[in-house]
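Here we start with a single chain on its own, the form predicted on its own, put down as structure tokens.
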Amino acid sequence: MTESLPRGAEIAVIGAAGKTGAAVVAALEGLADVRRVVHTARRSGDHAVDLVTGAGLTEALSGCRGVYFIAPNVHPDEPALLRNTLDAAASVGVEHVVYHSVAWPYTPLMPHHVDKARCEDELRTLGGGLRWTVLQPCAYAENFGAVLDGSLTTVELPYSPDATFSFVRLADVAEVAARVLSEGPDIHHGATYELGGPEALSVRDLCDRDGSPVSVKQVSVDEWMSRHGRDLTDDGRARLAAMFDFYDRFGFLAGNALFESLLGRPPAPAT
């Protein structure tokens, strides 16, 4: 059973307003006091920071024992955001940084994965003496939550419906994060944990297993972007397009054995 940190030994979750950050906050309940660090304050008690300039980070992390860092999706310079966070964390005596990376970080055909590989390198070489842990999750099953809950009858994909993934449950990733953060660096410093789901599945498999009539259609990347990527920057669209091309050719798989040692159980199935 995971032992909790002493009350008052706060954990800062950077990106707490996003779906992953919110799941980590929920998983930490009862284990540690949590400090929600966000880009735009949405509720009382949020600590708003500017990760690009570093403004507000020192104040937001002051008094915290651990930090969970997840960057905005396909950010054009994630390493710079992490450097600002590491500088602030080191300056206020944070003991442990848990970095949310991705499975297969050094994949040159996916530039935003390579940025996460650079971030991992900066943790190891430029972390200012901070102790660290890296989590490398695969794709979330919840990316297709509308299929899984039966509210969607048509899925359009910008890559092959038969490309295979080790879909992992967000709650499982969050539970690992909470365990690592609450147990701390004495146990987890220097570790990199790859977090994949229990089997290789395609999106077509997910739709077939749902048991309801779900149509799966592959569309061009341009067509998908015209409907789902209008709010992205040109750089963001380029990064996603590269990822979709990679998925189409190679899929995206990851191991799951570490769940047994970290949580004492296998990962939950995607469906």
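The model shown is predicted, which means the values in this text are computed figures rather than measured ones. The numbering used is simple: start at 1 and walk along the sequence shown.
We do not show the form predicted in complex with a small molecule, though everything after this point is about it.
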item	value
Contact of Ala254 with the small molecule in the model of the complex (heavy atom, 4.5 Å)	no
Heavy atom of His188 within 4.5 Å of the small molecule in the model of the complex	no
Heavy atom of Asn73 within 4.5 Å of the small molecule in the model of the complex	yes
4.5 angstroms heavy atom contact with the small molecule in the model of the complex for Leu61	no
Listed residue (Tyr159, Trp132, Tyr140, Tyr193) with a non-hydrogen atom within 4.5 angstroms of the small molecule in the model of the complex	Tyr140
Option touching the small molecule, based on a heavy atom within 4.5 Å in the model of the complex, out of Val67, Val203, Val49, Leu28	Val49
All of Gly15, Lys19 and His39 with a heavy atom within 4.5 Å of the small molecule in the model of the complex	yes
Option from 179-187, 118-126, 86-94, 100-108 whose residues, in the model of the complex, bring a heavy atom within 4.5 Å of the small molecule	100-108
